[in-house]
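This document starts with one chain, in the form predicted alone, laid out as C-alpha cells.
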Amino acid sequence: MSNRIGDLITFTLFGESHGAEIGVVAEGLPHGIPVDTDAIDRQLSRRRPSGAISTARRETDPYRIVSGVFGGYTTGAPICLTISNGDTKSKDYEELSYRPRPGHADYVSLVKYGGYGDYRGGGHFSGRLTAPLTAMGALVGSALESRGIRIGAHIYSVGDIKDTPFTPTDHQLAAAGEGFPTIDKAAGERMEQYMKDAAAEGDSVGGVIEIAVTGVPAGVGEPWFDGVESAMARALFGIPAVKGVEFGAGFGICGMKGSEANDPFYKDGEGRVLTKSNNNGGINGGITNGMPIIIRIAVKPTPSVFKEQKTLNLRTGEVESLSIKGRHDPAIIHRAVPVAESVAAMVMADLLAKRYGPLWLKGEDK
C-alpha cells in the first residue's frame, strides 16, 4: 500500500475513518519555516461539514503536531500531524463486509485485503483522511505564500450551474476564499439550492473544482513523466471522488486549431516574459512557463445516497435491495475545495525543492 507523494519533500497519509486517529507525516521540509496555526485552523474550518449540504457527522478536528515543530518553527525533522476521530457510529457499517455499496471501495477493498480491511466509515478509503492533508497543506501553503506563490480554488460548476472562471492570465483567489467557495456569490447560492434539492430526494451531486497557482517562476518541473502535470495529476487523483484532471483549456483545446491553442509570448513593461493567452495552463513540456497554473478536477457525486439501490450479497450470491445507513454528504465538492488547495501546495513544495533546493522555501538558496 502506497500512501506517499513527493520525492524530496514527501507526505505520507495514515489512519482510518473510525480509527482512533488519522494523520500525515511530512519529511524533507527544511528547518526554520514558521508554523501558521491560524492558517491551519482556517483551512480545517473550510473543510468541516456544516448545514444541510453536508454530513451530520460532526468532528472538531483537534489536531496535534507531535514532532518536527519547536517554538513555532519547523526543526527539519519529520513532522507528524494527527487528528483524533470522535463522532463515529460504526454499527451503521457492519453489513458492508458482505453487501458492498455501489460506487464505493467496499468490494475492491475486500478483494485486495482479504477481508482484513477496516470497513467502518470506508476505512482507509474515506474522505475523512483529507482532514490531515488539509492541515499539512495549510502549513506548507503559508511557506509558499512567503515566497510569493499563492494557491486558490473555487467550485467551477455543479450540474448546469457555472461560476465565473479564473481568467486565463489573471486570478481572483481572494474572491473565492471566503464563505461558499465561488467567485460569483449568486451562482454559489444556486449551487447550494441544487445540493439541497438533491439531498431532499435522498440523492447526491458532483461538480468541477478549478485551482489556480500563481507566482511560480518559469523553469520548474521536468519533461516526460516527472512533469508538473504528472505530479499534480497523480496527487489530485488521490483525493477521494476525483475522476478527472485537466490543465489550462483541458479537453477544450482539442477543438481549437493550433493557431488558437498556442500561447504567444511577449515581454511586459517590467521585463517579464508572459503569454497573451494561457490555454496550456502555465505549463509547456512539463515545465512551468511563469504564467498561472490552471487546473480543473472532476468530483463525482457522493456514492452514498439514501435512495434504494441494488447490490450483490457476497454470502448468498443474490442481488438484493440496499438502503444505506449512516451520515453522508449530499455533496462533497464544497468541502473538497480546501483539500485541493492543500494537495496542490504539497506538490508545488516538492517541485520547487527539486528545482531550487528545500531551503528555498524559507528564503535561502541551495
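For every residue, the number given is its place in the sequence shown, counted from 1. Only a predicted model underlies this, so the values are computations on that prediction, with no experimental measurement involved.
Keep in mind the form predicted together with another copy of the chain is missing from the figure; the text below concerns it.
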Check whether E246 has any heavy atom within 4.5 Å of a heavy atom of another copy of the chain in the predicted complex, and answer yes or no.
yes
Whether N289 contacts another copy of the chain in the predicted complex should be assessed with a 4.5 Å heavy atom distance threshold; does it?
yes
According to a 4.5 angstroms non-hydrogen atom cut-off, is R190 in contact with another copy of the chain in the predicted complex?
no
Tell me, yes or no, whether S45 is in contact with another copy of the chain in the predicted complex, where a contact means a heavy atom of each within 4.5 Å.
no
Using a 4.5 Å cut on heavy atoms, which of P165, G159, G86, G215 is close to another copy of the chain in the predicted complex?
G159
Does every residue of P100, S126 and A233 put a non-hydrogen atom within 4.5 angstroms of another copy of the chain in the predicted complex?
yes
Could you list which residues of 334-352 come within 4.5 Å of another copy of the chain in the predicted complex, counting heavy atoms only?
none
